[in-house]
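Consider the single chain below, provided in structure tokens and representing the form predicted on its own.
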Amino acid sequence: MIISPKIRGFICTTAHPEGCEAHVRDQIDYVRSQPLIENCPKKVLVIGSSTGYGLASRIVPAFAGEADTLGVFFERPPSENKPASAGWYNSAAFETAAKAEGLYARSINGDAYSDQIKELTVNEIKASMGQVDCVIYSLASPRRTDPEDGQIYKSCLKPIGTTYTQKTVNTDKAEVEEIVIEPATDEEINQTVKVMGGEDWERWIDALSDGGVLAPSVITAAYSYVGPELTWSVYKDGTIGQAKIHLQETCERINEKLSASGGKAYISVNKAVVTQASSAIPVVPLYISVLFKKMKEEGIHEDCIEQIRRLFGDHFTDTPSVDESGRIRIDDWEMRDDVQKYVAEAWEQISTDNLKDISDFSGYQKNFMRLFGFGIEGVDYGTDTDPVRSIDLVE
């Protein structure tokens, strides 16, 4: 079949297998172009491993440190007449490349919030890896079923206390618009914390620890974001911000649990990049478009793979660099004074008329399409392709 992009709002409902494979290969090639990482973790579990930062967190240790990796995700498999989700194709491409290097690389497809998937993961680590010395938590989901009470909780992106009015970009029409978001209720805040806070991360660490599959000096990290003041009302000071406070508190508890055996838990604050999750956040796509222009001009732009290469290479060491809250900051280049000064000045001026002049909206659009395997150089999108790609799933 010929697979073309079908875009609806901030999602693309199709994905191209060859395009996703090429995108993964590009990331692997970047990692191979860099020096090997000394003392890189060798047995890595990535929870939320199929796209964006999670996918990069499998690629980097595998190809910069010859690590065995186990990935957990929830993706749509293909059929003969319907393509899979992008994360499925990404994972299939990664596994093929890793196994060609003689590395262990398997995946678990299912609800990572469930106790059943945690149990399956523990059993697979026991059988095939022994223990893991690195656990990356990179889940991004709009909802979560709590395994204790069976209730479905839904997250939301809303301000707290006051109505939020700000510029945003209609990505379908390439138009700068005003968005008005009403404040969240207490129930919406609580539900967002249940989904996006640290509760499930801690449940994972407890399950892995109880199962005896954590190496004594294990490193675990959850990914977070802070961003500039112009996004704070809907992010840092909004519902997601409350979830991130809970994540920080969880990190401290996990650290206490792991410290006796030499383990460490971190929050890694990463830069803004184009991902399926970030594309859904109001204001952020416009902010990213402006940010990218300045960072590319300064030669300091990074995508997920460059960020995670820096995380593993520079910070997963005996003496990682952390801020006053104990967080790793690989958003440091994004938050440079000169970069944020440009963003603030451009933000005051930006409109539909000058969108493509003072921002890199075209770069944002290209990155978005690449998430689903489209717009990749060297891929013939006019040729029939078999949508079926297999993954060595643990079941």
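Note that residue numbering begins at 1 and tracks the sequence as displayed. These numbers come from a predicted model, not from an experiment.
What comes next is about the form predicted in complex with nicotinamide-adenine-dinucleotide (NAD), which does not appear here.
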Of these, Q166, S233, S224, Q242, which has a heavy atom no more than 4.5 Å from nicotinamide-adenine-dinucleotide (NAD) in the model of the complex?
S224
Quick one: of A272, A98, V283, V176, which gets a non-hydrogen atom within 4.5 angstroms of nicotinamide-adenine-dinucleotide (NAD) in the model of the complex?
A272
Within 4.5 Å of nicotinamide-adenine-dinucleotide (NAD) in the model of the complex, heavy atom basis, the matching stretch of 136 to 144, 157 to 165, 320 to 328, 250 to 258 is 136 to 144
Would you check, heavy atoms only and a 4.5 Å threshold, whether A277 touches nicotinamide-adenine-dinucleotide (NAD) in the model of the complex?
yes
How about A112: is it within 4.5 Å of nicotinamide-adenine-dinucleotide (NAD) in the model of the complex, going by heavy atoms?
yes
Any of the heavy atoms of F316 lying within 4.5 Å of nicotinamide-adenine-dinucleotide (NAD) in the model of the complex?
no
Interface membership of Y89, nicotinamide-adenine-dinucleotide (NAD) in the model of the complex, 4.5 Å heavy atom rule:
no
Heavy atom within 4.5 Å of nicotinamide-adenine-dinucleotide (NAD) in the model of the complex: which residues of 168 to 205 meet that condition, in order?
M196
